[in-house]
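Consider the single chain below, provided in structure tokens and representing the form predicted alone.
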């Protein structure tokens, strides 16, 4: 049975507090949870957490669940802030809402699209998933900037990462849209690529803002 959103938030707060303390427990008042919180009762009934002298700690299965929960949250932050370019308090709020949609399997797809990031936008570690371990074993780089492709290599556009609206408009006008195939024709002195039946040239700075998912050979 899926945990409530409030229960997931408690697990995230516990993980962060324990991570920052470098200890295996956290003070209940620090994570903003009271013993009569229904979500707290939900977690204790599932044997995910336990209290020792007013401090809260993970049980083995709870630690596993907490790890998955914080991973989804930090991946959501990367997606919202890096790809959708929504930052500040609004970005944090959107990430908190979106993380609950990253059910098992969806988080792996997002992680792969983001090229298996190690940290969230705030510099905190993102726990590795099975997709990250498999990518390291296979040498699959996942999603990479256009600058990482070799001349003649093809891929599919994953996303554009730029804060410059004029650049974004220019790339969209070229047909540089997520899901479209792209073929790199030349990488020097400028990057020339084909999208659809048209060819375009961009400088290295703009090429680094176009992220590509390599096609399987």
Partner chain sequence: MALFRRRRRRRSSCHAPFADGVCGAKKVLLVGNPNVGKSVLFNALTGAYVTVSNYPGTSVEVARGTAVIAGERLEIIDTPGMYSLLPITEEESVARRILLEDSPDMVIHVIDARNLERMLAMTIQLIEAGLPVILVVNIMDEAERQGITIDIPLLSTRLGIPAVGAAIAKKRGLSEIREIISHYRRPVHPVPEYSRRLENDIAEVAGLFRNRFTISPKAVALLLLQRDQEMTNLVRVKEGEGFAAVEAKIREKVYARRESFHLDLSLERRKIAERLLSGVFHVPDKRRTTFGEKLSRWAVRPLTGVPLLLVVLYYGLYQFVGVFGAGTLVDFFEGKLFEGYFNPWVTGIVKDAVPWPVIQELFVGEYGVITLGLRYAIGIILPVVATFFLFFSILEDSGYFPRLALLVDRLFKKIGLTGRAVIPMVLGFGCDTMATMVTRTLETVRERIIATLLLSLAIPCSAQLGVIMALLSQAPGALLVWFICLLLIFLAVGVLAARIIPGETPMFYMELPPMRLPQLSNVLTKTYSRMQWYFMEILPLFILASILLWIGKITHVFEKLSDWTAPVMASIGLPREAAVAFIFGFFRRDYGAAGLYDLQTQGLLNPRQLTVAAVTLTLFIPCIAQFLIIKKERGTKVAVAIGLFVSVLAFGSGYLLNQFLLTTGIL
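By rigid core we mean the largest C-alpha set that fits within 1.5 Å across both forms. Residue numbers count along the first chain shown, from 1. Computed from a prediction, not measured in an experiment: that's the story for all the values here.
The same protein has a further form, the form predicted together with its partner chain, not shown here; the description that follows concerns it.
Although the partner is absent here, residue 202 is a contact residue: one of its heavy atoms lies within 4.5 angstroms of its partner chain in the predicted bound form. Contact check for residue 47: no non-hydrogen atom falls within 4.5 Å of its partner chain in the predicted bound form. Although the partner is absent from this view, residue 168 contacts its partner chain in the predicted bound form, with a non-hydrogen atom inside 4.5 angstroms. The closest heavy atom approach of residue 60 to its partner chain in the predicted bound form falls outside 4.5 Å. Checking 35-43, 22-30, 169-177, 51-59 against its partner chain in the predicted bound form, the stretch whose residues place heavy atoms within 4.5 Å of it is 169-177.
Contacts between stretch 191-206 and its partner chain, counted in the predicted bound form as any heavy atom lying within 4.5 Å, involve 192, 194, 195, 196, 197, 198, 199, 200, 201, 202, 203, 205, 206, listed in sequence order. Remark: with the core as the superposition reference, the CA shift of residue 61 between the shown form and the other one stays below 2 Å. The rigid-core alignment places the CA of residue 209 2 Å or more apart between the shown form and the other one. Core-superposed comparison between the shown form and the other one: the Cα of residue 38 travels less than 2 Å.
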